[in-house]
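The form predicted alone is given below as one chain in structure tokens.
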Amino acid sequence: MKSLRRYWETHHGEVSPLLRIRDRLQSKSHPLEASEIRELAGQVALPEATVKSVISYYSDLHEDREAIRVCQGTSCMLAGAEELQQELQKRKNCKAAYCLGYCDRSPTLLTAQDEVICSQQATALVAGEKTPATAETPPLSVRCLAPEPTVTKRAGANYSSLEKARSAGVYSALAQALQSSPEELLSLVERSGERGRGGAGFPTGTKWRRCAECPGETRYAIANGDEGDPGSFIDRVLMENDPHGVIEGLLLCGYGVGASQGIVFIRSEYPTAIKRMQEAIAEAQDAGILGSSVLGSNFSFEISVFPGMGSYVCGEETAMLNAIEGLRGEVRIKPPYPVEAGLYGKPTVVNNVETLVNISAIVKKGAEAYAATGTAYSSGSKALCLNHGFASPGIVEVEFGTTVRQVIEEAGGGAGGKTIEALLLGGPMGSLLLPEEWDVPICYGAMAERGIQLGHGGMVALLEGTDYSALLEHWLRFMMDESCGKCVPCSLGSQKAWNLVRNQSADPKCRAQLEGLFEVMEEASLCAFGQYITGPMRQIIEHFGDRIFTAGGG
């Protein structure tokens, strides 16, 4: 964190208020008293009410730091995480987390010592058995159905050291790009047709161009590593196993848009990713890859890691900017967009981690060669995350245009003899696909025509016998817990809907009341979280409502 502190002290006169608040809380073994909050507010130059609101907003600032985090993401929920937490709670302090990023090895726990415990090990711990000290997390499976791997070529092994990363070609694309102008790099990314991999699918080149052309000297480039969609874990794997690839992508972004400062925002549920990104940044700094003369050029660029503090909504770019500035992670009204007025009001590009790792391939292959892969609307390839319900869970990289069915059958191996009733694609704001819809190609355009959300690319297999009432209740609880609270339809609407499903699903009026609440959420919520999370819930009700709204439901 030293480089981040140095940057804030140099450019803003003080350390980010949120980091100072976190440090003060971590130095105490008890909640701050009123006098201490008053003192802290004076130190960070914020009103007492703001400091209190920040502490109450971020779960990491007010929940027990020694508690075991039990993942309650969708994959873990389906694997029995709720029951696991109830049993473990009898002997140890626990708290729920969404999500720890090991959806292929559910259920998962994270200890206060940042030890990840998966699958059978988690079950053994809950049963009171001792897990072997030498036990290792089950291995990650990384496969490729594309002609050649692009984003996952270093994801299956640990390339976190600079020496190993350079031996695999990392930073060669940066050296190549520095031989040309920023304008040439911008044009290259535009012509490649790459779209953001974080869910929205917005053209990367267009975003970079808009930022670069905004007036002013100060610009920022941010890697969004707050991968919070339960079911997705590609960003965690890239930051852990290919951190130098992430740094190279962020450097290329900074060079193209004219930024001199980069930030990697990483959720606190990914402690290993935070550690390895910090170590990689330090190595790159020492090697002259970062600093006042990047690879001996006139380009100056520094990168810092900013840790998330327990908020799903901070994955939304404007909420993330608020967090970095030291405020609650609430969404901002757009326009203006971050490329025009982002961090501290300056033009800012926020790109997903997977998006950035693709940039080096575009530089090396050339725009036309990259654009020739995939589909006319979605060039290149996409990393998809297959959850524990598949026979062969893990990460699979596919060329855009590959069908969902091919991924399920060829990469996932189906469900190991069990029947997959439906597929949850793209996380809680994604889509529910029945088997007759699986022939749709993985493509932002083709899917949009059918009203399907690809999202971040997580795939959760819903097997025959799934308790859809429990699943619906789970999603509503997730929405209720993770709403930033800024808009009433999302924050209070989710509470009302959760109570309906939990307590009144046998009431004939329940279904109609839910439909009414969903409509209000979709129309009046400020960000995509409230606007889109009702989509898969509507689909569950449409296709499996007879299992939810019954005399015994709820």
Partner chain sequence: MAVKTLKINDIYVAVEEGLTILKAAQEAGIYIPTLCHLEGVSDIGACRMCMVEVEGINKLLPACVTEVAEEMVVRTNTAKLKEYRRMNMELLFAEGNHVCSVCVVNGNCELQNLAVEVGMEHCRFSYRFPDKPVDISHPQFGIDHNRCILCTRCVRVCDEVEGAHVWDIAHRGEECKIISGLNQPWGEVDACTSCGKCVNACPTGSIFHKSTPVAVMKRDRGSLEFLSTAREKKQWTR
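Positions refer to the first chain, counted from 1. Bear in mind the structure is a predicted one, so any value in this text is a computation, not a measurement.
Not pictured, yet referred to below: the form predicted in complex with its partner chain.
A single residue from the set R502, R511, K496, R65 has any heavy atom within 4.5 angstroms of its partner chain in the predicted complex; that residue is K496. Within this chain, E482 lines the site of its partner chain in the predicted complex, having a heavy atom no more than 4.5 Å away. Proximity of A506 to its partner chain in the predicted complex falls outside the 4.5 Å heavy atom cutoff. Mapping the unseen interface onto this chain, S53 counts among the residues with a heavy atom inside 4.5 Å of its partner chain in the predicted complex. Among heavy atoms of S311, some come within 4.5 Å of its partner chain in the predicted complex. With respect to its partner chain in the predicted complex, the three residues A49, I333 and V488 uniformly fall within 4.5 angstroms at the level of their nearest heavy atom.
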